[in-house]
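In structure tokens, the next block holds one chain alone, the form predicted alone.
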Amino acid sequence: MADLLLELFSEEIPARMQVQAAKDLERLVVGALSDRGLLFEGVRAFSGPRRLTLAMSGLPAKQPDVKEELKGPKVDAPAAALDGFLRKTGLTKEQLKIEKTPKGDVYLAVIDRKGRDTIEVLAEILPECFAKLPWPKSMRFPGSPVRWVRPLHGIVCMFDAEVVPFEFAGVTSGNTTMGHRFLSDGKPIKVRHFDDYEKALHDAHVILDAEQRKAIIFEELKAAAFVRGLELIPDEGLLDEVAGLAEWPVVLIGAIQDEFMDVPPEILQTSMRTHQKYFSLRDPKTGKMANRFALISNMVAEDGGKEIIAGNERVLRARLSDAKFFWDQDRKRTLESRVDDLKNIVFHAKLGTQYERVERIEALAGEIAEKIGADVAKAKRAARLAKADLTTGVVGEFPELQGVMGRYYALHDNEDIDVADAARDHYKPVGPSDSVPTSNVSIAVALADKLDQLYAFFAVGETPTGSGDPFALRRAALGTIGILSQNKLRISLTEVFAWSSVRFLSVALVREVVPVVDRVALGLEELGYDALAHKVFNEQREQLASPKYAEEASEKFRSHLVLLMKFFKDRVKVALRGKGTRHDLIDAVFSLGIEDDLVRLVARVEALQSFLKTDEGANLLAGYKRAANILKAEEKKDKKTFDGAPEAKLLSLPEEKALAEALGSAETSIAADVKAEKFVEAMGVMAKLRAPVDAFFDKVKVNDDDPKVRENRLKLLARLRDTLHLVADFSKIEG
């Protein structure tokens, strides 16, 4: 067994592409080797600013010999079929064998392939793998058809301490690499195996492993902050990025001028992170951002980094001056004065402007606020102002601060604190780890924003697909589910979407239809046909308010609702699956067609899941499935359903009488418990059905010779099915 060492050395690779590129390289090489029968013991991929590295261990020196049998056409098949088979196998007709099969004699090709040396296979497949790397962006170089992310300078490819000879993008493979661009002596480094390669790079100030670089940066950041009495503001994304920017990371601490410290910390942090890749620090005593920042240098400077720090402070001063200018300018106008500016921002070509959307959200937030006990006036005010910060300079420069800046501007305008908080929180949650709004006003606006987004895009046919979700509707649905479930809000989704439908259709009517009517009437008036203009105007307005239009709108709502509820059901599955809830139980409850209260849904599913873990639950489910299977078969055979209550006088056996009596009592109790949302108690009632159900199937012959007795017993099973369906559709439950 031998080892493979592969390195692709280039100009600086964008940090955001490095990790995925290393994974793609590993995937492509491993796949190509596996396809050729070359297995291995282990593989490790590394990424960095200037190199992608792959180290594989336990590769055989040679491919295994392969004996392959291929069945061909029948012996009496047309000559063209045989010719094609011969071309495919590379054999002659005399080399084929004949095999007898139940369908006749067929030609059989027995191909013996001798394994090639692994080094020869590697030389063939590696350039193909490099060419297939799916870079998000790449460039083409003069004289070469190959595209690559940055100019490629060298390739190390060693197999069992020997160079694997090949060429890619005008670069020939070899056994030498280079160390750090500035800190090494600039001489080529010869390598044979991975161990000496990694050590040689470290001696040349290159830390190969990105995770090791991250650990070094993180520990040095904490230490540098600690000695100054500060602490690091964690930023995992930035840590990943800077680990891809420095081969030999060194942490340095710079100062922020006091004149910028009255700017909101979110602006400072975002500016430093986005433009300069600096970490922010805070004072643990006050919890406020400190006037210090941490930068990651790729140099060990003789002066301890003083010049590097000074240069970065000058650049930061210019950046923060821009940010402070936007902040100062934005506060010269109120959020209220900016609302009309939203008329100039298109939300979506089919959905109008942000202003029209705000109108819908404002009305919907008021409806939701009334439902959940929030201050309606505050909710509507917050909804009206929530999107106004989109017109500000700060949000234009840093879009990720939308909402956050809305709160600052609202407070500056002396808006109510609940209104300001809702302007900030209405986007939440923006991801699975983000918190949800908890104050009622914020909840109302956040739900209105997400539910309008969902209904509007479904209404114009812009629904998510398997390959994409450009309008983040899945995130909006999961956010809605999170807000409702974590705050235990009792809201009917059907009712909310009905509100959304009314708001959407009314705004769409004003935007699309009414202006057309107005323009027609105005044109007639200009031509002197005042009476005709008046008639056209009134007739069209009456038509839009007619029962026919209302029926069309109602039908649209129903079709959109079906799609939306299916979409929501799938998102609920995703949300609950992460908590260990079975997806089939969600199906079982949703399939009843009456459950659109998420809090009640979750309670019902959790109670059902607990019940099915018991012996009574498992056995009752088995009894249900047995009953359902019998009913399905007999209903298909008789071409009818066995509805209606069984006749007491036809119940002759003790076991069927006991089951009928138990079902009569259980049906009433379960219905009452479900209505009162006592789902655990309802499961307890169902548990008592286990014994009579088991006894019935042990002692009673369902398909009795007497047709009337048979039908009566089938009705009894149908009643069992219907009773259990008061809780959930047990046919959807697996097991």
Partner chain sequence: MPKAKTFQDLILTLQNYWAKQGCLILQPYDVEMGAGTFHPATTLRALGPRPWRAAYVQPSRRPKDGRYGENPNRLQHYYQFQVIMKPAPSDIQELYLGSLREIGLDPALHDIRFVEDDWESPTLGAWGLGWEVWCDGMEVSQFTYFQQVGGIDCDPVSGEITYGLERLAMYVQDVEWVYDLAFAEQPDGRIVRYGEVFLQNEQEQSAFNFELADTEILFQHFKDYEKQCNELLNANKKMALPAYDQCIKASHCFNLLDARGVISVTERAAYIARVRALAKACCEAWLETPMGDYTPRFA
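Quick caveat: nothing in here was measured; it's all calculated off a predicted structure. Rigid core: the largest C-alpha set superposing within 1.5 Å between the two forms. Residue numbers count along the first chain shown, from 1.
The same protein also has a form predicted in complex with its partner chain, omitted here; what follows describes it.
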Site test, Arg36, Glu68 and Phe130 vs its partner chain in the predicted bound form, non-hydrogen atom cutoff 4.5 Å: no
Contacting member of Ala607, Ile233, Leu82, Met299, with respect to its partner chain in the predicted bound form [4.5 Å, heavy atom]: Met299
In the predicted bound form, the one of Ile483, Leu91, Val149, Ile491 near its partner chain [non-hydrogen atom within 4.5 angstroms]: Val149
Stretch from 305-313, 187-195, 70-78, 406-414 whose residues place a heavy atom within 4.5 Å of its partner chain in the predicted bound form: 305-313
Residue contact check: Thr176 to its partner chain in the predicted bound form, 4.5 Å heavy atom: no
Contact label in the predicted bound form: Met17 to its partner chain, heavy atom within 4.5 Å: yes
Residue contact check: Asp722 to its partner chain in the predicted bound form, 4.5 Å heavy atom: no
Distance check, Arg140 to its partner chain in the predicted bound form, heavy atom within 4.5 Å: yes
Residues in 243-276 with any heavy atom within 4.5 Å of its partner chain in the predicted bound form: Leu245, Ala246, His275, Gln276
Arg50 C-alpha shift between the shown form and the other one of 2 Å or more, rigid core reference: yes
Large Cα shift (2 Å or above) at Thr353 between the shown form and the other one, core-fitted: no
C-alpha of Gln486 off by 2 Å or more between the shown form and the other one on rigid core: no
